[in-house]
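Take a look at this one chain, the form predicted alone, written out in structure tokens.
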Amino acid sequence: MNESWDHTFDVVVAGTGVAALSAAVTAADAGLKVLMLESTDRWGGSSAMSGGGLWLPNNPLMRRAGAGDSREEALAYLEATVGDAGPATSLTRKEAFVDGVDGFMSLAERLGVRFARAADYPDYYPERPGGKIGRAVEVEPFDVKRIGTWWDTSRGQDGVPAPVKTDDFWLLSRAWSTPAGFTRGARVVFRVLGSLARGRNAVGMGAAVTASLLEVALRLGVTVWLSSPVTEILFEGGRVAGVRTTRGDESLTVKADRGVVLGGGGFDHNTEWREKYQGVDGAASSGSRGNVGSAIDVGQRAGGALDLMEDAWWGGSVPGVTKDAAAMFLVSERSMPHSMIVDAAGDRFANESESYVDLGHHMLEHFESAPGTCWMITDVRHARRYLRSYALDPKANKAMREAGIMVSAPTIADLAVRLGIDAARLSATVERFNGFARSGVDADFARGNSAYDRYYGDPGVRPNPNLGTLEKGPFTAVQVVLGDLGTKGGVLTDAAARVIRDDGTVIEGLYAAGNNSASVMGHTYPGPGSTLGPAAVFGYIAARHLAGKE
């Protein structure tokens, strides 16, 4: 490139989610001048809207608490769950992730980020070799007044703008049915009131993670431009030298003396790519609307190989009432007793309490042979006893009923008629399910066998906390569609987070982390925060490498 540069930095980071913020903070702490380029007018991406958990095995908080874990157990667990799903899941990348946990957390803590353990949250397959309970961490509720007007443009406002923690939700979901749930609910109320009494505007979950990291980034002198997408990677002498971006109506070139880090999110809302690679339109994705694959596109045009483009962080979701309305991702609701999920014929097809990615994959597989609408059917106790995120707003409930997304009836037979399902077949499914609930053993799909299933169950329901009969009307069905938390395919990177070509050679000066890179987790989801955990760690690894620290 022979033209002069409009701006010069040491490092340019595309994106403002956890991967991008981790890279920016790490590079700035190493004394480098950093520019973050956000393609939309709001920062934080899907990270800011998320539950905020980071799956970080063998982390410092576990050691301080005396919770047993080790590098060997973490790697054994990754091999038992992720296995070999191609180059993105190589042993060297798994090792890099596990070995980078300490470095990322130690740096973040030294710079003022306050972490907390979700000590009761299991891995998603805790019974497999190396499986544990309590590997997830999150950031303590954060006062967004500390970042001033930056909060006004945070995507965290689309999440839960209150000091609620990921670790609260497993108990909050049963706040009306168990003493522990009621106690946790009261604690959250007092936390909210205490924050207000002290004049704070505290937020938790993904908003807390991103706001906390942004505060550090700003303090370290990182520059952030909104509405400035990276449109091209620029080279000099065969090495990445900078980027082209647009700011307003102006096209600018920005030199990056040390390197460029892609942390711009997946292609959640790129309908063309979703249909091309995955056969879905992505309408029910819970990912940021700004995630259209732009960072993946520039990485590919720069020569980067792509991997895992066919996969996503799947899960069952309740569709939005309108085309533009956000879908509601289901987690605890489908795991609570007195509920089950059936297909268009009225048959169960999966363990409703399994991890959301597994349920999503089972929906994809099932749709191949049995296409049609899925429904989560509940009896009145589910509505009375448990917090249901999709049914908190009476106006939204009315709209869902009018749209046919939520349907109620006094009997299962009547409900079947209203859903267009054969009444005898649905009644037989319910009768068989009720038998499992009474015995405590799901002979079809083993619901409730895993500690992960039981985490979101109701311990007051016996003999199985995930199984409750469906026999008290009125009965309600809510439509369940294939949704996701974002896509997990993108440019392929090595153990140092460097983007590599199809032939395995490295594109010097180009790095990637987060959902615009092919996930080290392959086709599965080992534990809570398996998106943000590797995003943070590989963002850290990328910045350390380009800074010459590794």
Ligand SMILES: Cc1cc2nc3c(=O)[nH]c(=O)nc-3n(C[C@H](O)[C@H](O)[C@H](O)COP(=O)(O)OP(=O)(O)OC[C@H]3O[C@@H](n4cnc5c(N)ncnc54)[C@H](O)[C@@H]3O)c2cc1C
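In this text the structure is predicted, and so the values were computed from the model without any measurement. The first residue of the sequence shown is number 1, and the count goes up from there.
Same protein, other form: the form predicted together with the ligand, not shown, and the subject of what follows.
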Verify the contact flag for S353: yes if a non-hydrogen atom of it lies within 4.5 Å of a non-hydrogen atom of the ligand in the model of the complex, no if not. no
So, in the model of the complex, is G204 in contact with the ligand at a 4.5 angstroms heavy atom limit? no
Distance check, Y511 to the ligand in the model of the complex, heavy atom within 4.5 Å: no
Heavy atoms within 4.5 Å of the ligand in the model of the complex: does A295 have any? yes
What stretch, of 145 to 153, 102 to 110, 361 to 369, 281 to 289, brings heavy atoms to within 4.5 Å of the ligand in the model of the complex? 281 to 289
In the model of the complex, the one of F433, Y452, Y77, W313 near the ligand [non-hydrogen atom within 4.5 angstroms]: W313
Which one of G181, P229, G131, P319 is close to the ligand in the model of the complex, taking close to mean a heavy atom within 4.5 Å? P229
What residues, if any, in 119 to 135 have a non-hydrogen atom within 4.5 angstroms of the ligand in the model of the complex? none
